[in-house]
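Read on for two forms of one protein chain; each stands alone as structure tokens, with the labels structure 1 and structure 2.
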Structure 1
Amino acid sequence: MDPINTAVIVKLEPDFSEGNVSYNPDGTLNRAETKNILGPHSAIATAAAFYAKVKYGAKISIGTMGPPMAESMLQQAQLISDADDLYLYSDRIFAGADTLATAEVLKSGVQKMGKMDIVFSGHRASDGETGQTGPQTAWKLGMTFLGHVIEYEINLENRTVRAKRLVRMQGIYDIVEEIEAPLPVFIAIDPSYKSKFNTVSQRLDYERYQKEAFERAKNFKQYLKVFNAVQIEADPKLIGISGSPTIVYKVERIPKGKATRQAEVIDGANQEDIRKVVARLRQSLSTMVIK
């Protein structure tokens, strides 16, 4: 049986976690001051690829389009996934790309990695929030697209993948759809994805690969390849500004909604105040009817 080759496409994003964001006086993001990290959805996609490594011994290549400093983000991704190869697609010409032009670079980049069985992407980026780049890359690669994936298993013999998708159907949320598809497939991972390792040997492999990942990430440059537009043979007309049909006309701040909630602040320092809180909770609960 041939080993499984997987690729993960990831994105460098501002760190939106508490205390790390910096704003300009006009309320826009101060990109220079805000630290950049591996996007949280990219991290989940990377963890999903690691599942294939632990369970099926898959090979992992991670690719991103970004400035040279994005290499430290690839290091983070390697630490999560014990990636075998890291690819950074970096070129001034890529600047100003919208999702379509980005997908073109990623398509060419993934093709440069070799023949892939599964390509993973995150659900969306936390700065762009479009959720388009993944599906567009899948479309350009001509791969079967599985979105919102919360669980997957690979059949190495038949070379198929069986995936559970968390979907919304006819207005009903949280329906789990199970789908089987022949490899290769493109999987966009749902934010609620969590790898489950349920045998002792998987847990041991997990530990072993994690340790390897730690060692590899220390010398991540050894695994890193940096390519420009020419090297990945991207069509100059389809990338960067010239390949981007989207024009951002204006960005407006979302007006603050008026709060209708009435809050009473109670300092919980003494028993008496806590009693007040409990009484209020009791009161509120008594008016609730459980159907």
Structure 2
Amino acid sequence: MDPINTAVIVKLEPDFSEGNVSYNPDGTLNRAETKNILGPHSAIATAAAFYAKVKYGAKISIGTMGPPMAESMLQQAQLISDADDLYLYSDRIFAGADTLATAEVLKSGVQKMGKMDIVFSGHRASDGETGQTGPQTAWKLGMTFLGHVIEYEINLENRTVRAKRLVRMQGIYDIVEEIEAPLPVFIAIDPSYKSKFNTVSQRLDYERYQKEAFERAKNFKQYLKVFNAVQIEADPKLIGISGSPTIVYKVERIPKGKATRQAEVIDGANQEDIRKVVARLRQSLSTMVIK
């Protein structure tokens, strides 16, 4: 049986926990002055690819479009997935791309990796929240798209994938649909996805690949390939700002909300302070209506 080749497209995203995101005058993100990390949804997609490696012995290639600093994010992804190859698509002409122009670069980048059976992506990016890049990349690649996937299994003999995905219909949430499709497919992983390793052999392989991932990530640059627009044969009319139909008119900072609550430090050893706290709790509970 032929091995399974998988790719994961990931994204360098602002670390919103730092509370400091910088923008350029034209409304694009200033990554040089913003702390960036592997996006949380990208990390989930990377873990989903690792499942294919543990259970099916899949080869994993991880690709991203971004500036040179995105190398560290690819290292994070390799640590999660034990990726065999890392790809960085980096060129000044890519700057300012919207989701469609980004999908064009990723499509060209995935094709540069070779023939892929499954391409994984996260559900969305925390700095965009559109959820468009995955489906658009699948469309450009000509792959069957499966979104909101929470579980999947691969039939190596029939070269098919059976997946469970969340579907919303007419206000009804969390319907689980089971679907089967022939390879190749593009899978956008739902945030609720969790890998399940049910056998002893799978758990042993999981531990083995984790150790290998740690060693690989320490020397990640030997697995890294960097390509520019010419090398991935991207159409200059379809990438960067020139290939982006979306126009950012204006970016406004969200003002930090004013604190409306006050905190009081209580000395746990002071019995009088404890009595006051208990009295306040009783007063609050007495006004509650429990249905």
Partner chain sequence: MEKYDVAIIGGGSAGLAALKQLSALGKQVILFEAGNKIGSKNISGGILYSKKPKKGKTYNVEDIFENFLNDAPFERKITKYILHATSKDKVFSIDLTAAHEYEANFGCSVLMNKLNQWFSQQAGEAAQKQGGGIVSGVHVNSIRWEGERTIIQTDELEEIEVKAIIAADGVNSEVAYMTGARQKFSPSELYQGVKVVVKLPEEIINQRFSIEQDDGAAHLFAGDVTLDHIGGGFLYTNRDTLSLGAVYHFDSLLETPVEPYELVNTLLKNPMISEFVKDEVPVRSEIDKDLPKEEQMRIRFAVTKMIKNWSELRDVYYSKKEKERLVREGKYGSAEEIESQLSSLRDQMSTKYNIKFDTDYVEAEYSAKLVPDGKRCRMEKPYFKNILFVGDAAGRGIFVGPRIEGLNVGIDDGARAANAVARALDKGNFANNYLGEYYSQSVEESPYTHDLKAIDKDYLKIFLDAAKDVPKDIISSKYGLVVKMMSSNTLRSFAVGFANILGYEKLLPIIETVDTYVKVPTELAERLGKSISTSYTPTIPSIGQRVAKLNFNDDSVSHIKVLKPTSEFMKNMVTLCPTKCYIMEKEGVMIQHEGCVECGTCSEQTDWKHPRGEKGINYQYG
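Between two forms, the rigid core is the largest collection of C-alphas that superpose within 1.5 Å. Residue positions are counted from 1 along structure 1's sequence. In this text, all values refer to a predicted model and were calculated from it rather than measured experimentally.
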{"item": "Of structures 1 and 2, the one that is the form predicted on its own", "value": "2"}
{"item": "Core-aligned C-alpha movement of M69 between structures 1 and 2, 2 Å or more", "value": "no"}
{"item": "Flag for I241, CA shift 2 Å or larger between structures 1 and 2 after aligning core", "value": "no"}
{"item": "Post core alignment: V230 C-alpha displaced by 2 Å or more between structures 1 and 2", "value": "no"}
{"item": "Cα displacement of R275 between structures 1 and 2, core-superposed (Å)", "value": "10.1"}
